[in-house]
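Taken one at a time, structure 1 and structure 2 that follow are two forms of one protein chain, written as structure tokens.
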Structure 1
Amino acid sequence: MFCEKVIELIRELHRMSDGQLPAFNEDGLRQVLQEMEALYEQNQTDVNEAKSEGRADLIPSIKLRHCCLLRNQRCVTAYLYDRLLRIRALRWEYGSVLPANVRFHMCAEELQWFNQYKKSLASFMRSLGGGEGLDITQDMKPPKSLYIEVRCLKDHGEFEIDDGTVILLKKNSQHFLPRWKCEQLIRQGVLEHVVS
């Protein structure tokens, strides 16, 4: 039946919750594109036959295949666009370095798009704040306090805060740090917020 493969691509995305990225279904996409090519070629053959031999009985099947082509096109576009929106959201959630398990689910073109988006966002943030730059990915939720207590989940090494103090982030050590300096490390899994 027509359009079944592309509907399965959409269902695959729909089954994943927000914030998750399923593996890029290259095989499914290739099958949809092959189906579209076959529909197009059959339409071309029937259109030529209808014109040359005056066969009006072929017009309904030509219209049906054309509608299937358009539906496949819209669904493929929706599939790719939804994946890009999810990848863009991952940049805001994880920062400029994606975990390996997330990168594994992306195709080469999506990784390239992510890197371009990352560069564009970094360039925009550098242009803010009177040339000093402003990290707009920090404080995604309004903070309740400017300092938070954090526990280090793995050895990270030295970490410098704005007043010049250098803190050694060792596994299981706890620190009282400015929220905006450690939010990125919390997202990366280096630190965890200790809630009393």
Structure 2
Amino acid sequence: MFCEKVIELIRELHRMSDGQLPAFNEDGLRQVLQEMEALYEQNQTDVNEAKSEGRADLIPSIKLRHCCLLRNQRCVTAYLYDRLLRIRALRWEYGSVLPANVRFHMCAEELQWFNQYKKSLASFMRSLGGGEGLDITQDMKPPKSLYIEVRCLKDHGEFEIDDGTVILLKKNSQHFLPRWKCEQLIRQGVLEHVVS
């Protein structure tokens, strides 16, 4: 049956419903495009024959292949679009720098899209707050205090805070830090928020 290949792509995304980005399936996508090309060419020959020899009985077959073309088109669009949604989410979960193993799963165009999304978001955030800019990825949960108690879950090296002090983030050490400085690190699982 036609359009079986493209379902594999869709399934791949559907299995990872938590928003993880599977590797870009270039090979699968190429196979789908090849199938579409074959369908299109067959339809062309049948259309020409139906026109020149007046064979109206070919029309149902042409219609069937046309449906398959539309279906492939829909699935490929959905595949690419869903991946973009996931990539956009990564910007909010990881911050502007992605770890290599995540970046590795994107194709060149997706990396380009990610960079442009980053730029648009950054210029939007700069335009807010009366010329001073406002980081809207901060404070997803309303803050209760400016400083919070955090514990290090792994060695992260040196870390500089606003007043210029440098702290060493060593595994299992506990610190009292400005909230806005460590929010990102908490999301990334480097620090843990300790609530007393």
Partner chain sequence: MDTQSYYPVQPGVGMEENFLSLDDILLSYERLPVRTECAFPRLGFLEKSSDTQDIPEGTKMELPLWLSKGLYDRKRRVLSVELPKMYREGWRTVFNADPKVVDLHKMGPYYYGLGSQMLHFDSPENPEIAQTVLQTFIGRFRRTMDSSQNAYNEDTSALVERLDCLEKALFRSGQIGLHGFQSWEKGQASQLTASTLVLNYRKRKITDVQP
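We call the rigid core whatever largest set of C-alpha positions still superposes within 1.5 Å between the two forms. Here, residue number means position along structure 1's sequence, counting from 1. The structure displayed is predicted, hence computed values, not measured ones.
The form predicted on its own corresponds to structure 1; structure 2 is the other form. Remark: with the core as the superposition reference, the CA shift of L128 between the two structures stays below 2 Å.
Once both forms are overlaid on the rigid core, the distance between the two CA positions of L39 between the two structures is under 2 angstroms. Once the rigid core is overlaid between the two structures, I10 does not reach a Cα shift of 2 Å, moving by less than that. Comparing between the two structures on a rigid core frame, one finds that I167 has its C-alpha moved by 4.2 Å. With both forms fitted on their core, the C-alpha atom of R187 sits 3.1 Å from where it sits in the other form; this compares the forms between the two structures.
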